[in-house]
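A single chain, nothing else alongside it, follows as structure tokens in the form predicted on its own.
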């Protein structure tokens, strides 16, 4: 993607260096345009070194030759302004063109992402909020942040610039088709922990990554996502996602039961432990106290239970992680659990858990024999989103009505 990175004059400009680097590493072509006050915090040479492209500052600068502001406005596929200071916000919203960045902004017609950064009192003032609304009129603009945190003054509160990964997520979301608006999707992700005692657990290698990627993709498509996940799953900040952490399989079942009434779709991507200790200890057991045989109990099969109760009213998509006879076992689970679709994926032999790529196939009812496809988790999430765009909510599925 061709990106213009606009940098306003605030201390948060140092974060824009990291953002520029990450954008280039992600394969984007980046041209940086700074306000003159921004150059007092970070030198243009820094951005030139990070992006490999010339940097513009003043209205007469010509990083793309004569009439650069016109050429750059037409060249860009995405405009990112980070940090967006209060002064810069006011100038842009009023249509002032006093420097190269404001000239480009006035002539740019594509999608934009802005990341405000200022003191809390400045951010919360009615004037600032009014200028922000003016800025968004007749434009496709995603506002990211500001976050709560420590500010330049030493005080804490709203006004801290969003992190680079949040800004990049917002950029990416602007490019996704909004095919799932008004949908409410419940996802389970990650492992469960079944405690033998306070320091010993039965679990599996799941990292919850596919659930997090699904949440990001489906949110970007316009859905409201509720993500119920197991312990130690990293929660990247993703606007629009509700996160709820649980520990055991029983806790995950109870959480699903409490939230499924809100959703039209349930995606069971969690790697739920099949067994749990029948009688866990409340205190740590010494080695000499332990038997080599531990009585076990069977955990609930969450997707099977939901399939029995909700196959007529909810779209149900499961996951089948298997080491052998994967497609046959996935098809058996599809039928037995009353699912609408299942993602069959090969695990073991250095594949599956914690890996960026999958050997996977989405199987629907009535599908015959087929082959696996090598896909990234991002691609798989996109395929699932495409499927949900076709599968309309069932009667009683509780999708949200348009406002």
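Positions refer to the first chain, counted from 1. Predicted model, so just to flag it, every value in this text is computed and none were measured.
Omitted here: the form predicted in complex with a small molecule. The next part is about that form.
Within 4.5 Å of some heavy atom of the small molecule in the predicted complex lies at least one heavy atom of residue 337. Interface residue remark: residue 318 is counted as part of the site for the small molecule in the predicted complex, having a heavy atom within 4.5 Å. Although the partner is absent here, residue 107 sits far enough away that none of its heavy atoms falls within 4.5 Å of the small molecule in the predicted complex. Taking non-hydrogen atoms only, residue 272 approaches the small molecule to within 4.5 angstroms in the predicted complex.
With the partner left out here, the small molecule still marks one of 197-205, 80-88, 176-184, 293-301 in the predicted complex; by a 4.5 Å heavy atom cut-off that stretch is 293-301. Among the residues 322, 251, 245, 163, the one placing a heavy atom within 4.5 Å of the small molecule in the predicted complex is 322. Proximity to the small molecule in the predicted complex, defined as a heavy atom within 4.5 Å, holds among 333, 216, 224, 276 only for 333.
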